[in-house]
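In the form predicted on its own, a lone chain appears below as structure tokens.
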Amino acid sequence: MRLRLSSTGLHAQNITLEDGSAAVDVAYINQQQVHRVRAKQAVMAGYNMMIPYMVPEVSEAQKEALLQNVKAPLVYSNVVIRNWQTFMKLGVHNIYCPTAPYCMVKLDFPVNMGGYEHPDSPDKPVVLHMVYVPNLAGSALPSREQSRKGRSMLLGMSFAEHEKIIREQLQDMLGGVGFNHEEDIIAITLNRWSHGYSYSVNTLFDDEDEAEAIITTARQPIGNITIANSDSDWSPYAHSAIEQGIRAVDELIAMQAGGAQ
């Protein structure tokens, strides 16, 4: 196996060689140069919604199914605070806030690594992990449309706007037990994904049987190209990515066993 780091896949296409055997051509860009590699078979394990733009042979039905996986925008913010006495006073380590911009605020996991040791006293600085899913809650818009509009909103937000939201929310949550955002916040980092989590079945908007049919159609092999990634299970988690990778490789093996070249 050869790993081509810092490379972006552009195109994959089934071809027939001069001897009649089948192969797949893959084009990718690296250091502003386009390269091509050829293999007997290939697995597309990236963002599934991009496959119709990268694999020209996708049928209209499969293209439409793949385009149903609209990823949710996502923000992970890490906030270093001077101490965590306020959490001790409240007796909590994880706070859910369903109507606030950041739906979850928690003390980060106590990890010891190398020479770093996690703070073992509430008098010491600690990292708060905060999760924000930009959407239009209460708008009655379908989940996919909320994600599209939330993505647009996220891409237009400056760091200063994010910082203002974080400071106001933490002050509202913790101010009653002595928190002062001007003194107690030491640092803020943002991790922003305009295309974050894979779409998942939402029974407020989706029929489960219809959704399963869409998922099955979307991940059908395209000649000697199979489809993986957690997107192909409509799930944003690592175990789904592993399971879908196994399924995609099993499909390649079945093709070979069935006489596919």
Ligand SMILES: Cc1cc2nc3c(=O)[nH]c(=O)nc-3n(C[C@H](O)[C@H](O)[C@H](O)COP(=O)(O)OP(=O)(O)OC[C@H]3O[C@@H](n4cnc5c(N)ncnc54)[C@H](O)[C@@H]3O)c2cc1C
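Take the two forms, superpose them, and find the largest set of C-alpha atoms that agree within 1.5 Å; that set is the rigid core. This one's a predicted model, so the numbers in the text were calculated from it and none came from an experiment. One rule holds for the numbers: they count along the sequence shown, beginning at 1.
We do not show the form predicted in complex with the ligand, though everything after this point is about it.
K.L.:
Contact with the ligand in the predicted complex for V201, defined as at least one heavy atom pair within 4.5 Å: yes or no?
P.N.:
No, V201 sits far enough from the ligand in the predicted complex that none of its heavy atoms falls within 4.5 Å.
K.L.:
How about Q256 - does it come within 4.5 Å of the ligand in the predicted complex, if we only consider non-hydrogen atoms?
P.N.:
Q256: no, not in contact with the ligand in the predicted complex.
K.L.:
With heavy atoms only and a cut-off of 4.5 Å, decide whether S230 touches the ligand in the predicted complex.
P.N.:
Judged by the heavy-atom cut-off of 4.5 Å, S230 is in contact with the ligand in the predicted complex.
K.L.:
Should Y53 be classed as touching the ligand in the predicted complex when contacts are defined as heavy atoms within 4.5 Å?
P.N.:
No, no contact at 4.5 Å.
K.L.:
Counting any non-hydrogen atom inside 4.5 Å, which residue from V70, A211, A45, A39 sits next to the ligand in the predicted complex?
P.N.:
If I apply the 4.5 Å criterion carefully, the residue I get is A45.
K.L.:
Looking at 30 to 38, 213 to 221, 191 to 199, 56 to 64, which stretch has residues with any non-hydrogen atom within 4.5 Å of the ligand in the predicted complex?
P.N.:
Every other range fails; the passing one is 191 to 199.
K.L.:
Select from 56 to 87 the residues with a non-hydrogen atom within 4.5 Å of the ligand in the predicted complex and write them out in sequence order.
P.N.:
Counting only heavy atoms within 4.5 Å of the ligand in the predicted complex, the contacting residues of 56 to 87 are L74, Y76.
K.L.:
So, superposing on the core, is the move of N30 at the CA at least 2 angstroms between this form and the one not shown?
P.N.:
Comparing forms between this form and the one not shown, the N30 CA shifts at least 2 Å.
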